[in-house]
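First, one chain by itself in structure tokens, the form predicted on its own.
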């Protein structure tokens, strides 16, 4: 635990020391990157060692002479610490070149400060072991990420995204406060360990309230509406950290509370698995309909949170049904997908950041042909796309295969377990197919074909600090897929920390089967690469002519004739129009000499629409009606204060 606090201290130095070098911009960036990356590397090593051992170190620190801040690191904490420090390490290196505007030195120094605070707060959240400690670290994490989202606050869209995120964060925190308040009122202690002594109805209420609070941070439908606004607004390495890591603290909270309540009712599994299916399916549908590359990746994060929840729900059902193999397959698959998603989603956001950095646009329909001008970015983005689609031999397949196996095992159970397991399998298949379509679209529109606009024509990649983390993440996606045994063992160690009471569960039939499938796929890809090398060797020194693609007799094709992001997905989205209504803007063509017109379409998020119509507008209407209370007359304000004091005294002396 001492090494954990040392690593957090070094990370915080990476946020504070840059202010000493405001006038030396390059040195400021180097100091920030060095200390943050060093602290994260130390934290990563300590987390892996902690996960490999059996120790559960604890530490208590006095706070305000009234409370103690208690921290405890077990296998579950260590697994999430490993993910936090790994992605933060690479994001710190990426940010060195991404934030390269000397004229904004003060703002960039502030960004480094909040970046380090976010990393430290996430590490402390997953080790917090009492109510005060958890809520304090949770609020620091939310505030730090808010200031990172509004980095470019002069852009109105970004400031609105930041405030929307703040609202969702605080509403979620209120639900957590209510859940923990009930725990404290029932037990009389702030210690998490006392949660197991709650009555069963109280446990249901606490879990339901906390699920909403944690779900708002994780992006569970319908509490996900802040993600597609906040992720495009934040700098890309921050988007990678928030999407790849921060939203997983919500997942951690759900699992930790399930562990603390120590009540293995099937109700919890049913809640989680149903929420996961809805979240995953709608998330990938909305991702498919986006035209902004970062917004599309944000909705894809919602989809993957759905996959993780499906896995955790299967694990909870396995525990409730007394089926340890299903429980371990579900929980291990979910934890491994937490790691895998952090790898390929961070890679994809960094790739999108390189595209934005070099072209100045996130609009897919302004891009095209970038793999020729940005080969490293295009190749690594393709690897991330294959991984997130769950195709072997990449890491996404490994975790999803475990979840499938848990679902098939669950389908052998009776009654409601059978129904939920079958629905989980169908949902996973649907999510996987739609994810493949979504990332085929983004790769085809952004990286293939010809440039659709001037930004894509002038694109070029540079900045080793941005390219190296992308290459490392792409390699990690392949390594986890080819050699899954070690990483599956880490996930199983995290499952063991839940103390499900089943001892060691052998997964011998599944570990080698998973590895064999991924290696067979790798062999197939290796043959393709060998054929490509052989072809290059045979054509060496020969003249290769180039000609335009055959256009069915049309001899003057243009870039505008290519598929757009909207047209590619139109037929699929039409099928889901009930849950993804299409908003079109197309002024009619009128007159003998019509003026130029345009066409714009946008998929609408039904959760955002309903929350706006059912909650936001009525609240604004109510506040408008109460505006007369704010009239600017000081003596009336004094009267309000006196009235409030009188009312308070009445309640006190009742």
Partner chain sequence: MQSILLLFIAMLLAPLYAAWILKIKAFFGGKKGPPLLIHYYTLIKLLRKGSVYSTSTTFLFKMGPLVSLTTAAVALMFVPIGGSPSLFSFHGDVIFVLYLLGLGRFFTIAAAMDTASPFEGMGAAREAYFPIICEATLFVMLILFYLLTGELKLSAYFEGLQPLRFWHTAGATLLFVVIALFIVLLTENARVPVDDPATHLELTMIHEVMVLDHSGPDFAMIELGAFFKLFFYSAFIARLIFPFTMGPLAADVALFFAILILIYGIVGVTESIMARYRMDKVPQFVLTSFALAAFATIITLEYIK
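Predicted model, so just to flag it, every value in this text is computed and none were measured. Rigid core (definition): largest C-alpha set, two forms, superposition within 1.5 Å. Residue numbers count along the first chain shown, from 1.
The form predicted together with its partner chain is left out here; the points below concern that form.
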Its partner chain contact in the predicted bound form: residue 562, any heavy atom under 4.5 Å:
yes
Would residue 516 sit within 4.5 Å of its partner chain in the predicted bound form, counting heavy atoms only?
yes
Interface membership of residue 568, its partner chain in the predicted bound form, 4.5 Å heavy atom rule
yes
Verify the contact flag for residue 162: yes if a non-hydrogen atom of it lies within 4.5 Å of a non-hydrogen atom of its partner chain in the predicted bound form, no if not.
no
Identify, from the list 323, 440, 366, 202, the residue with a heavy atom within 4.5 Å of its partner chain in the predicted bound form.
440
Just to be sure I understand the contacts: of 401, 114, 175, 487, which is the one whose heavy atoms reach within 4.5 angstroms of its partner chain in the predicted bound form?
401
Using heavy atoms and a 4.5 Å cut-off, decide whether 22, 135 and 295 all contact its partner chain in the predicted bound form.
no
Pick the stretch from 105 to 113, 458 to 466, 229 to 237, 440 to 448 whose residues have a heavy atom within 4.5 Å of its partner chain in the predicted bound form.
440 to 448
Going by its partner chain in the predicted bound form, which residues of 407 to 428 come within 4.5 Å of it through any heavy atom?
408, 409, 411, 412, 418, 422, 425, 426, 428
After superposing the rigid core, is the C-alpha displacement of residue 520 2 Å or more between the shown form and the other one?
yes
For a quick test of reading the superposition: does residue 184 move by 2 Å or more at the CA between the shown form and the other one, rigid core aligned?
no
Once you line up the core, how about residue 163: does its CA shift reach 2 Å between the shown form and the other one?
no
